[in-house]
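Two versions of one and the same chain are coming, encoded as structure tokens; call them structure 1 and structure 2.
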Structure 1
């Protein structure tokens, strides 16, 4: 059990959460393990198959705007409770209006993708600087890819349709993943990557990335929910029932900066090695169950690092970034900001 960013993480299987006055009380095997006042919380995330919560607690949480979500022990989202949808109907209507308007969608999506590519480029340049001395060949491959991505970013600004944005992004992404192996240093030759594969991941690095992207997607989805946006209605990703398109849009700007960097750290420090993966009969590569816990821990740790938010000019934890960007997006939709200032890392 742990608190982080005003979220209470309950990881002890067999826990029962109940309301105790204005607090949540966590009981386990007849003992009180922890009490946390609800007004200090934004959310309660439970990781385990055997964790329960009383209806009275759910009602109190719904009223106080605290979300309760249930996840598998590995962090996969299962369900969440919430009260009545709050009255952000005007915001949602505006979101739908813009999503129906191609030019308005392009304006938002172009900034999201520009930030995505710029942040990916930063990861390449950082590696070129850090490891380039030892291997000029690697540094030059990374540098070339970074330049190619810079050119694509320039094109984004001139693209007039969502399809052309997607095309430019696709090119840049394949450039990025074509040099991704150069980001791995002194690595186990068995831990390899050749391009991006998702369904299913066909190599260990892709398996690790996919898992981290799932974690990131859930953070983005919660962030959107909590500021009243509809996570299913995207600007770049098209509507498809059940698909959290706006969460997928929002996570673009964080993929490299949050998820890829955690993956690289784990691999380069050999905290995750070939032994952490298994290959299914189909050739799909999967992260082993125990190893997922370790990745989850590294993810939580990364979220506690701090930066100065480029637009807000305030010190914030990385875990808060999806929430802040979701709020800025809502501000843009409401007309407070003339554009969506997507997150650009340094």
Structure 2
């Protein structure tokens, strides 16, 4: 259990939350683990299969405008309780207003993409530093790609339209994936990538990346749901029926830092090999069912790692990053922050 951004995150399975005067009390196996004054909170997020709350606490939270959301231990959104207060509709109306205003959308999307490119550049530079000494050719290719991405980051700040942002991001993504093969050091000729392919993925590396991106998207969607934002109304990705556009926006910051690094770890350690994939008649390369479980386990393990959040300057698990960024985005939309502070890895 820990507080970030006036949100109480409860991760201890078996916990029971109840109202204790003007505070929320978290009890576990008959013992009080924590008491937090309700007026200090704006949200309570529970992660576990067996975490409950009393009706009295839910009523008090509804009256105080504090949301309570319930998630699986892996972060999938299950349900939320909210009262009749107008906070969420005001937040969503502001979200819709910004999404309809191209200049406002560009300001948010540019920060998200700048973080995406900076985090991708960090992955390239880290690989060049860790493995480049064994292959000057690899180090040179990674360094040149990192330099090219740095130029694209500078261009984002001068882009005035969403189409311009998309063009710059597309060029940077093409550069990033053109050298992605140099990040693989397991020397298996069957596990290679020659560029990004999707719908369907045409090689094992793309199949693994696509699966991890789906997991990341679901985590971002859950995070947005839990703080009252509409996951379908994005700033960079525009409206399309059934598409969680804002979740796709939010996940951009985490693609390289979370998903790509999990994929590279699994492949370079040979925890996932060519034998873990199958090729469908359509040519699509897919993970086998048992291998998906292995990837899911690695994904959940990675989310338990901790870092110092660069904006909050607090120690947090990687699994909470989408939730914290969703709440920072909500704060920006409410006017509490002048700009959206997208996540930057160090």
Partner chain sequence: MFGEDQLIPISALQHWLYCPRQCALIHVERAWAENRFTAEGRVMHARAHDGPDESRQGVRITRGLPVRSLRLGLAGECDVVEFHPGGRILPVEYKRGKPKSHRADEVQLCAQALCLEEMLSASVPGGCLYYGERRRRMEIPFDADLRDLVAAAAVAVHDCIRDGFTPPAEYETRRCGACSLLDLCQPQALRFRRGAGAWFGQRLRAVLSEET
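We call the rigid core whatever largest set of C-alpha positions still superposes within 1.5 Å between the two forms. Bear in mind that the values here come from a model prediction, so they are computed numbers and not experimental data. Residue numbers count along the first chain shown, from 1.
Matching each structure to its source, the form predicted alone turns out to be structure 2. After superposing the rigid core, the Cα of residue 39 is displaced by 2 Å or more between structures 1 and 2. In a rigid-core overlay of the protein, residue 333 has its C-alpha displaced by under 2 Å between structures 1 and 2.
The rigid-core alignment places the CA of residue 310 less than 2 Å apart between structures 1 and 2.
Relative displacement of the residue 58 Cα between structures 1 and 2 on rigid core alignment is 13.6 Å.
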